[in-house]
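Two forms, one protein chain; structure tokens for each follow separately as structure 1 and structure 2.
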Structure 1
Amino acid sequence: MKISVIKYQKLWWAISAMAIALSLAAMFLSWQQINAPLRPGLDFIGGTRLQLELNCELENNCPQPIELATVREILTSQELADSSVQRVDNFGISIRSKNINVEQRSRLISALEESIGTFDPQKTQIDTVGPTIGKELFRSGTLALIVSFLGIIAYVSIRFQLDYAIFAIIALFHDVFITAGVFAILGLVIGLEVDSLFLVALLTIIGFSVNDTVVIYDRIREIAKDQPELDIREVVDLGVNQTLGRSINTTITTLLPLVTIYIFGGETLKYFALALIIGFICGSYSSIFIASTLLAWWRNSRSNQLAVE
């Protein structure tokens, strides 16, 4: 397989520009609706999530699937009308409400038990996050994001050159942006919320994206040194082609476990895996089609003084 990334570079750029435009549009729409580019979860704005499951080993405790209407009635009577409720399987419910304290919570649970049945404490999950903690989680996560950006720029600048680092960062923004865009869309369509695991996913995508770009850059640098007579565009094409097999195989071997997590991993990890899957695919794409072509275009546009170090 041989591809010329340079020849169709305008096409790749257009594809990426469109994906980014779509992401921006989704975030804008989301901003209009909920005042945030992505739907923030419990971890960032605080709140309480209760997951309860009926204990079906007790006699007559699970006569029929839980009626959501009953649950909503009880929530309204407890002044928690604006909470959202979902049924988990037939005999479980997941309630997401504003931050409630321990008294309110036990009142709610006993009211539910009275009209629905006894819950199994072994299968109960409670997540309560205060609003200040949420802000702190968000702040520390964002700070971690910025610090790793700077760290990566510094490292790539030292190992390569500053312009390599800048294009690697552009590719990386591209990946993070599109992943966030997809989650903005999911937030709008299915109400998916982003939590601190999503921030973790973004950070991992950053690591992977740069990782991928660096391998290609490494090859470009090597070819440029061995064959200084070549034009930078040829160098980039050669570099991409020589590392293509590796790029594809590594993406496959990394995606394999992620796909299994997505399928078998359970609710918490499912969307974490999805974020990584999207980000890693973007990462491979941007390393091959964006970071390298931008580098060629930039060096070529200064071609008169081009010197390949």
Structure 2
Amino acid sequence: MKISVIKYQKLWWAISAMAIALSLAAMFLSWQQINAPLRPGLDFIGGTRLQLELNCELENNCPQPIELATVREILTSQELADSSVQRVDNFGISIRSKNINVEQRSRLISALEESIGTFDPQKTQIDTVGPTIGKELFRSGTLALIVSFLGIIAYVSIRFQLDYAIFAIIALFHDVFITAGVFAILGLVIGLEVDSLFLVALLTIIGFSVNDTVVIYDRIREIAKDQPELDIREVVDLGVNQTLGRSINTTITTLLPLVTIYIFGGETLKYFALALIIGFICGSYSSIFIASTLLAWWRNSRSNQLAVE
């Protein structure tokens, strides 16, 4: 299979521009609603999360799905009106509130059981994170992302040239923005929160994407060196086509276990796998269609400018 990425470069750029614009719009809407571009989880802002599930093995304990209005009334009566609540699989609820102590938790669970039914103690989960730890986690994760970007700029600049590094970084921002945008949309639609695993996913996406870009850049550099008579656009087309099979095969074999984790990995790993799936697809796309075409456009523009001068 041979493709001309240069011939349709404006189409690839338009697709990416549209995806990034939608991502930014989703993050803007999220900021308007919750004062954050993505819905932050307990890891980042601290608080207490209770996950409770009715014991449906007890007779008449699960006559109908849990009514969220009833749960909110009870939270209000317990002076926890600002808590968020989600229903989990009809007979479970997830409540996120400010930090509450053991006595307050016991009182809340008792009040819920009186109105809703008996919860299964084996399926009860309680997580508490202090606000200081949450802020520290967020600060450390953000710092890790910034250091990663700086390290990649230095590595690609030394191995290739500065313009190669700049377009590799643009491709990485492309991947991170679109992944974050999808999670911003999910935060608005289903209340999905991002946690420390999301930052780990972003760091992994950055590593995967830059690896794919470096492979294509390597091939472009070798072709340019062996066949200096070729135009840079022909060089990029050749380089992309000679690495296309490897990029597609690597991405597919990487996605297979991630899809399996998404389907069977449970709630904890499900959205971590989803972030990686989105990011790896974006990473392959940006390496082939964005980083390489921008490099060809830039080098060709410079050549034309020098010829005119």
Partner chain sequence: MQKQRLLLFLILTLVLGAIAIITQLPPRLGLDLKGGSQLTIQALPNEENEVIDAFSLNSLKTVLEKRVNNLGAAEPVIQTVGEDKILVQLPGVNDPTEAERVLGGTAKLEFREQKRDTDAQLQVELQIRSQTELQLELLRQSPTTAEQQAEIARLTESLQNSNQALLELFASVDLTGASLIDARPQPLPNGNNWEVAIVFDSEGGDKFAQLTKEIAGTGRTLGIFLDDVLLSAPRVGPEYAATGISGGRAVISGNFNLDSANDLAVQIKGGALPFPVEVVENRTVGATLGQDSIRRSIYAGLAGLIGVLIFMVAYYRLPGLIADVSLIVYTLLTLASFSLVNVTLTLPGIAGFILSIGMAVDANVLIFERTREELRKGKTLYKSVESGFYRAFSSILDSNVTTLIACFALFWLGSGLVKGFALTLAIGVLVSMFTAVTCSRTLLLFVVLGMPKVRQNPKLFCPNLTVSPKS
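Since we're looking at a predicted model, the values are computed, not measured. Throughout, rigid core stands for the largest set of C-alpha atoms superposing within 1.5 Å between the two forms. Each residue is numbered by where it sits in the sequence of structure 1, with counting from 1.
Note that the form predicted on its own is the one shown as structure 2, not structure 1. Core-superposed comparison between the two structures: CA of residue 62 displaced by 2 Å or more. After superposition on the rigid core, the Cα atom of residue 75 is displaced by 2 Å or more between the two structures.
Fitting the two forms on the rigid core leaves the C-alpha of residue 142 displaced by under 2 angstroms between the two structures. On core superposition, residue 124 has its C-alpha offset by 4.3 angstrom between the two structures.
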